[in-house]
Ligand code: 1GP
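Given as structure tokens, the chain that follows is alone and in the form predicted on its own.
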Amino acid sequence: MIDYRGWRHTFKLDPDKTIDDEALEAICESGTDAIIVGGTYGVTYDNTLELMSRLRRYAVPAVLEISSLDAVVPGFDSYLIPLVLNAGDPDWIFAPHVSGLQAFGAYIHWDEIITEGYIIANPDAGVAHLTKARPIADASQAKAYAQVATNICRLPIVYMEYSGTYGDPAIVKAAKAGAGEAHLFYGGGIRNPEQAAEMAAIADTVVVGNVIYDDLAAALATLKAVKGTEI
């Protein structure tokens, strides 16, 4: 299994978004700990395969966060499997996983599979609408969801997902407290080194995504901010 516990900083690339070769090289050669491939809408087998084949030119670990069974592509170093803990639609908690095992169970290398307890904290995000995510009312509820992930479901990763907006540090701190021995990922809205450093002081791993497509220099600047921050 890939050593995600050593990750402090990752970039997240969306197969449905365009990135040119020069920008992709800058991201992959930046010194980031890993590249996560994933998205909510428009993710297909073809665009995921195309992005994976481009990533394979570089030594950086590449992992696929599976959001659609139609876009499961072999060849990644590992596969992140999200369980949306606060999904209002229960089909987004376990039903896709059952379908996936029925379709691909015979081919799965379990040592490549890493499960994540997703807490979707931005009610306006596309993934929140898709899963009918229940809003996170306050810090105590965030902590309780994280405790469900680590103490009840025994998931190795808790992922605080703000998806497009910058999160509330108090909410993220509460999730970190509830996560216990689980590894806390934070993703959402990081657009500058200051925000990256703030979340890196709380979370174990900071995920930087959308800013890659809007301001590559700012995205690259988050790396030094995170790597210089201890928790």
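All residue numbers refer to positions in the sequence shown, first residue = 1. This one's a predicted model, so the numbers in the text were calculated from it and none came from an experiment.
As for the form predicted together with SN-glycerol-1-phosphate (1GP), it is not shown, yet the points below apply to it.
Peer 1: Report whether the minimum heavy atom distance between G164 and SN-glycerol-1-phosphate (1GP) in the predicted bound form is within 4.5 Å.
Peer 2: G164: yes, in contact with SN-glycerol-1-phosphate (1GP) in the predicted bound form.
Peer 1: Whether A219 contacts SN-glycerol-1-phosphate (1GP) in the predicted bound form should be assessed with a 4.5 Å heavy atom distance threshold; does it?
Peer 2: No, A219 stays farther than 4.5 Å from SN-glycerol-1-phosphate (1GP) in the predicted bound form.
Peer 1: With a cut-off of 4.5 Å between heavy atoms, is G189 one of the residues that contacts SN-glycerol-1-phosphate (1GP) in the predicted bound form?
Peer 2: G189 belongs to the contact set for SN-glycerol-1-phosphate (1GP).
Peer 1: State yes or no: in the predicted bound form, is some non-hydrogen atom of K12 no more than 4.5 angstroms from a non-hydrogen atom of SN-glycerol-1-phosphate (1GP)?
Peer 2: Yes, K12 sits close enough to SN-glycerol-1-phosphate (1GP) in the predicted bound form that at least one of its heavy atoms falls within 4.5 Å.
Peer 1: Name the stretch, out of 44-52, 176-184, 27-35, 201-209, where some heavy atom lies within 4.5 Å of SN-glycerol-1-phosphate (1GP) in the predicted bound form.
Peer 2: Answer to the contact question: 201-209.
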